[in-house]
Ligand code: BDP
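Take a look at this single chain, the form predicted on its own, given in structure tokens.
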């Protein structure tokens, strides 16, 4: 064996572990094990591992950091994939703020139809240059207000309430237009803040209201359906661009299969969560006149379009998808 052969064999031996290691992907998820999103992500991981040379591992419960931090980690390829809400995505990729406009979708079915079609492609085109490739859109239901003080029937009932919102100026403006005091806060801090009176309430969907125990310390849940924000199963652009076409197809197919599972599990979980909180004594009321809340959002749209005039066409595309 000549020196060239020996040298080549040595380099191959050194590089082989690196090539194998490069196929390991780590993923972020804020939800606990067993949650609809978590079960769907487990399915995604299992399918990708079975059909490709990739080796995926998902970390549930936000153990790899907060959601904004995890989004940045995926953008920088410190994490290869994650499942994110579009609310915290807005400050990082401004186009996605459109999805956080109050009442932008008329219902969950409208959201599914829009995001699975041309509207979803609009957002994918905005996200990919920023380091994130959305592969499938998950359901997060509709978000409504809950608090420890009183039922909310009209916008006037929001006045003076200190309400936790996700870290996005749109949500601060939304609550302000209703006369409330918005408090951006990490999700993990909400229960204790409700319990100690630092805040009066928050806004979220039935499963989050139930699974966190927020219903124990904020017993009034008022169905406003003011936000219907999709979530994405996303991968790092850098990791994605290192895949061959066949692997990309397999990963995308697994992501979209998981989205169908997640939506079904989500619908079932919403019913279960509603039953649990009502059985525990939470008072759930339907807001009969949602138009009154929608009309209060006119300044939110005006302010948004004043700063983002190019987003008018995106809003029109979403409305046309209904």
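Positions refer to the first chain, counted from 1. This is a predicted model, so every value here is computed, not measured.
Note that the form predicted in complex with beta-D-glucopyranuronic acid (BDP) isn't included here; everything after this is about it.
Next item on the list: Give a yes/no on whether residue 296 approaches beta-D-glucopyranuronic acid (BDP) to within 4.5 Å in the predicted complex, heavy atoms considered.
Entry: No.
Notebook entry, point to check: Though only this chain appears here, would residue 30 touch beta-D-glucopyranuronic acid (BDP) in the predicted complex if you measure heavy atom gaps against 4.5 Å?
Noted result: Yes, residue 30 sits close enough to beta-D-glucopyranuronic acid (BDP) in the predicted complex that at least one of its heavy atoms falls within 4.5 Å.
Check: At the 4.5 Å heavy atom threshold, is residue 164 in contact with beta-D-glucopyranuronic acid (BDP) in the predicted complex?
Finding: Answer yes; at least one heavy atom of residue 164 falls within 4.5 Å of beta-D-glucopyranuronic acid (BDP) in the predicted complex.
Notebook entry, point to check: Though only this chain appears here, would residue 191 touch beta-D-glucopyranuronic acid (BDP) in the predicted complex if you measure heavy atom gaps against 4.5 Å?
Noted result: Because no heavy atom of residue 191 falls inside 4.5 Å of beta-D-glucopyranuronic acid (BDP) in the predicted complex, the answer is no.
Notebook entry, point to check: Which residue among 208, 77, 222, 95 has a heavy atom within 4.5 angstroms of beta-D-glucopyranuronic acid (BDP) in the predicted complex?
Noted result: For this set of options, the contacting one is 208.
Next item on the list: Could you spot which one of 100, 236, 147, 204 gets a heavy atom to within 4.5 Å of beta-D-glucopyranuronic acid (BDP) in the predicted complex?
Entry: By the 4.5 Å criterion, the partner-contacting residue is 204.
Check: When you measure heavy atoms, are 47, 52 and 247 every one within 4.5 angstroms of beta-D-glucopyranuronic acid (BDP) in the predicted complex?
Finding: No residue of the spot touches beta-D-glucopyranuronic acid (BDP) in the predicted complex.
Next item on the list: Could you tell me which of 164-172, 128-136, 148-156, 238-246 sits within 4.5 Å of beta-D-glucopyranuronic acid (BDP) in the predicted complex, going by non-hydrogen atoms?
Entry: Of the stretches listed, the one contacting the partner is 164-172.
Checklist line | Partner contacts in the predicted complex for 59-78 (non-hydrogen atom within 4.5 angstroms of beta-D-glucopyranuronic acid (BDP)) | finding: Contacts from 59-78: just 67.
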